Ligand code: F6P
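Shown next as structure tokens: one chain only, the form predicted on its own.
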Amino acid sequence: MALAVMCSGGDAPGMNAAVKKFVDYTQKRGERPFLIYDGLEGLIDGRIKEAEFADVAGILHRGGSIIRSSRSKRFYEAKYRKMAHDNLKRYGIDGLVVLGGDGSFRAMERFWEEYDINFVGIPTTIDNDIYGTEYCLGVDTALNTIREALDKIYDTASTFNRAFVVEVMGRDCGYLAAISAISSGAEICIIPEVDFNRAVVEKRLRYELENGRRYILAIVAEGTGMTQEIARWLSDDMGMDTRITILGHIQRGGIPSSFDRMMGFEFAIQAVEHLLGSKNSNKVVVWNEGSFGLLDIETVVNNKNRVNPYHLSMLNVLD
């Protein structure tokens, strides 16, 4: 069989580990691996080549994706999906592995409904917002990047008696903010999943400030849109010298952690194994309670992911 891999949507650490293992494992199984460059745009334009050892040698330590990625408005037009399908047929590709998030999987669902493709998705997004899986590739590295930044911000906050409002990624999901707040000991966490009880938090903070607290760290998920509001509250109402730090795209990059490399390997192996035994797959590899499984893509894209209630219960915002 000829199998291809591509990356779609936002990049995440561990993509290269998955791409390398895809190539190595496909070759080990006696099949032909192909690389699709530049995601859906590359699939439309035919930027496809059969993979060689040299293509994936020495890439495990690199962030991002050596085959690059893209978001594609063109793919939502029927004529371009036909071009993408024709390119798969031209190269004789029998199965497709897509590393991506919710938007990528919705595109693949449409593609699968129209054409006889054999598809497996690998949940790859630092937002960790894909339904049906506890873990998405790239999350561990992103959390460690955020943790390192917060540790350094704490040094400055405590030295100058300041409040820092730190905005983290996550789109409409508060996972990164919640876990980062818990693991860094932040005093405030603002996430989309929970209404911010300002009165309760303000009462607690005023008591702590009166009894020796000299700094405050607030973690705000970007999807709440509350970064500026929280900064004004801390400055104007709480009387704190306040600074805003938006971590931005540094959360996507960097050397992937050992865990993300191992997860990239395992996700890729699971995807290849399933494709080799399928003819018309529409599955996504998922990881729950320490084990891998498969879910139909309709189930994944038509349900909303929720942050673990146990993690939510650990946040001060729920006091």
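Residue numbers run from 1 along the displayed sequence. From a predicted model like this one, the values you see are computed outputs, not experimental measurements.
Heads up, the form predicted in complex with the ligand isn't pictured, but that's what we're talking about next.
Among residues of the shown chain, T125 is one whose heavy atoms approach the ligand to within 4.5 Å in the predicted bound form. The closest non-hydrogen atom of M169 lies within 4.5 Å of the ligand in the predicted bound form. Heavy atoms of E222 reach within 4.5 Å of the ligand in the predicted bound form, making it an interface residue. Taking non-hydrogen atoms only, R252 approaches the ligand to within 4.5 angstroms in the predicted bound form. The single contact residue among R106, H85, R198, R71, judged by any heavy atom lying within 4.5 Å of the ligand in the predicted bound form, is R71.
Here the chain stands alone, but in the predicted bound form its contact with the ligand, taken as any heavy atom within 4.5 Å, falls in 126-134 among 126-134, 235-243, 151-159, 199-207.
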